[in-house]
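Take a look at this single chain in structure tokens; it is the form predicted on its own.
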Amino acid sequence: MATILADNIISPLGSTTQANCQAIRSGKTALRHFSSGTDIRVPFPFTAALFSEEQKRAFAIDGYTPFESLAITSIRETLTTCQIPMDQRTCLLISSTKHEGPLAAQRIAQAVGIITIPIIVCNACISGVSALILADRLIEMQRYDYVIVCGLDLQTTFIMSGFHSLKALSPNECRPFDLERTGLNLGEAAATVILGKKPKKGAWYILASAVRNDAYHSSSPSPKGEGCRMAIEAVMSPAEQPALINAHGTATLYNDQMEARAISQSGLSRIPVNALKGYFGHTMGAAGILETIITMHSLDNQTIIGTRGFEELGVSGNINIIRDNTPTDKTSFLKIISGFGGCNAAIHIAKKLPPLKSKDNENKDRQILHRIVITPKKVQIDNETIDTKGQEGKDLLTHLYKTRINDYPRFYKMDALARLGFVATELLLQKEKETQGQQEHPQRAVIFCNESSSVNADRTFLATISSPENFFPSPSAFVYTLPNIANAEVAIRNQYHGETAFYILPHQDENIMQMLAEATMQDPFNKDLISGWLECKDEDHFQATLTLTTTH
């Protein structure tokens, strides 16, 4: 059980939660149209919610990058209203889709007094909600007494050009769920919450949470909305009547349609639905946390915030989009969010103590069935060393694919990190088939960790936007700059609908990775787990150390 003790939002609309809430209650938006005059150098105009130069100077801290400064400022502001001990029982989670790496996380942690190793949750657009879910589990597992969760992202040429390459950006202000929606707007923000183990009068609590994968496509949501529906149904039944569903609502054609279908199929058509992207844009790693905070405080004021930009329903399915601010006396809500890699998350939050959580998986023995280690020169499954015929580096992975798999041509489209994860898991699963027989495992989770994120794919994409004269951003290259696409490739191949997540650590820490594995298995849906270290600094320097674990 996790209690939400304190929060902060820093966005272009204000530097406190209160300032942001007041701004959107009065209908203000941070979205602006830009054709030039920003640090984002792209050859096209765009609409986004960006910090002004004055705001950047206000949160800048000498000796720290803007990313680090923004996180430190938000965390420090949150700590002014909630004094907690900075000892081994307090943890920091950073939620970001394009972070500055584990060194930045360590610098942020040190600046605010955290002495434990920080963890970066890098799980595409659902990173913020994934981090809240992980924080809740770590407290429930009694690993920590307090967890600080800070979600943030700053916009860059890299990100803007990537979304442009996917044809996902709208030149105008976004219109979630509207008939005339044409795409999303990007935004900048930091959002921080502090969670603790002790109940507090008047506090909000996480009642239930879930992450499910579509197992459909790396960059497009399932048209049937299966992953989102499964996440919703895991945390809420049609009989429950929350005040609202706060949707992801990116205003892209397929995301909004998918969410509408998932909500309708879950039997929640009558529940009010809103989206907040019309005020802040898509703030990426901050989105899930920022929108959760705004929803909590709006319900504290007995208000459902209207969906800015929405006029006429433009999705099939019977859902109740709220256009204008609407009064309510209810004190619970559902937050849903989806992202690249087929990941979907849902979290049910209320102003009441949650029921005791199921201990089904906690009481089961977790057995490691098989283990694989792949380095540039060696492959070992369990205690058996595989003859690689002298192949090394990237040639080794291709050799393993051709000689031992060779039935999935998409392999050749993957980046090096995804290829490594794909080959390693395929060899693990072949060993499982030898010993267990052919079986389907739709409730299998896939959790990877490393220290360099998607650095190799980042370099590949940067080459496609190297200068105004050499600007041809590649959509396929951009998708792989999200490390959790490696998880997605495994889920799609094997039709796994369990949890998928990617975490960034300062180094290969077995204790932390075991903790993350145990946290994943707190969800009873996840019956089996592929997890471990998946590092790929370039095509010839990599390491995969993965295990297949079951609770059966």
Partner chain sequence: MEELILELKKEIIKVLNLEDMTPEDIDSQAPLFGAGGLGLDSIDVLELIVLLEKHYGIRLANAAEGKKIFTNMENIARYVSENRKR
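From a predicted model like this one, the values you see are computed outputs, not experimental measurements. Numbering follows the first chain given and starts at 1.
There is another form of the same protein, the form predicted in complex with the partner chain; it is not shown, and what comes next is about it.
The three marked residues, R410, K413 and S474, each reach the partner chain in the predicted complex, with a heavy atom inside 4.5 Å. With the partner omitted here, the residue from K198, K402, K433, K378 that has a non-hydrogen atom within 4.5 angstroms of the partner chain in the predicted complex is K402.
Only one of the listed residues (S165, T73, S298, Q257) places a non-hydrogen atom within 4.5 angstroms of the partner chain in the predicted complex, and that residue is S165. When contacts are judged by a 4.5 Å heavy atom cut-off, S219 counts as touching the partner chain in the predicted complex.
In the predicted complex, at least one heavy atom of V479 sits within 4.5 Å of the partner chain. Contact with the partner chain, judged by heavy atoms within 4.5 Å in the predicted complex, is confined among 272 to 280, 99 to 107, 151 to 159, 466 to 474 to 466 to 474.
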